[in-house]
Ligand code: HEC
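Take a look at this one chain, the form predicted on its own, written out in structure tokens.
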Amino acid sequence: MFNIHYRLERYSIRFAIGVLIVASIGGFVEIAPLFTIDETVESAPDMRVYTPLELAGRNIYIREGCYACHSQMIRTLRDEVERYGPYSLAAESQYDHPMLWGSKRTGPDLARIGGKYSDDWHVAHLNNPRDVVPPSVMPSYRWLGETELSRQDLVLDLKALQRLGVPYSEEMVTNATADAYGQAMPDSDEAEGVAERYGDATHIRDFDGNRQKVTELDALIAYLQILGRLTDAAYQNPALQKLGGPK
């Protein structure tokens, strides 16, 4: 085997041609599936975008390094589907920049965490994880409930995502700051506009139990409560029945 390689190296032109052939085969294997991408990637016509408050929560999630211990990608393995729920679809991450897939699970996968626990549970868990999960090694994030959410950059965030193809309307961009406030303050004048722009199914409530201000904890819980709920495409996938997923 080594003698063949040594002989190839003696003739640079033959060796270069051989490398080109092998690289071409590898490139074709990688590129060919892209020609069938419209047939293999599921569509999600009911997919909605993150609200400004949920997007702010996602930014906090990334800032605090939560992705280092929690993946957001349920694989098609039976044990994962039975534990976490329907396996992740590519369409569900189409508006994620950056995506937060992975397989690192110091903590559980969070791809379907939305609606699994109450807001009060999340407040208690983030303030001191051991209060609800005694063996947890997760650090406390008590300061999130004491820190008022900075909302002045949300307009720029939505504009950036808009340029990347996320279908935010100009009205959504213009009202991003007000909508982030209104979603966590259901009794405010701004709350009505959130439902109009993002739909009646949008969670509009006081997430952290503090009605005096919109905190970073409000934003993070709003984000966690929508994970896996931006579309129902995964729950309508017939392949889940073969893997023991929910009916």
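The first residue of the sequence shown is number 1, and the count goes up from there. The structure displayed is predicted, hence computed values, not measured ones.
The following text describes the form predicted together with this ligand, which does not appear among the structures shown.
The candidate stretches are 85-93, 114-122, 163-171, 149-157, and the one lying within 4.5 Å of this ligand in the model of the complex by heavy atoms is 114-122. Residue Cys66 is the only one of Ala178, Cys66, Ala44, Met185 with a heavy atom lying within 4.5 Å of this ligand in the model of the complex. With respect to this ligand in the model of the complex, the three residues Tyr50, Gly193 and Ala222 uniformly fall beyond 4.5 angstroms at the level of their nearest heavy atom. Though the partner is left out of this view, Gly145 does not reach within 4.5 Å of this ligand in the model of the complex, counting heavy atoms only. Although the partner is absent here, Ser136 is a contact residue: one of its heavy atoms lies within 4.5 angstroms of this ligand in the model of the complex. Using a 4.5 Å cutoff between non-hydrogen atoms, His70 counts as a contact of this ligand in the model of the complex. At a distance threshold of 4.5 angstroms between non-hydrogen atoms, Tyr198 is out of contact with this ligand in the model of the complex. Contacts of stretch 82-115 with this ligand in the model of the complex, defined by any heavy atom lying within 4.5 Å, are made by Thr106, Gly107, Pro108, Leu110, Ile113, listed in sequence order.
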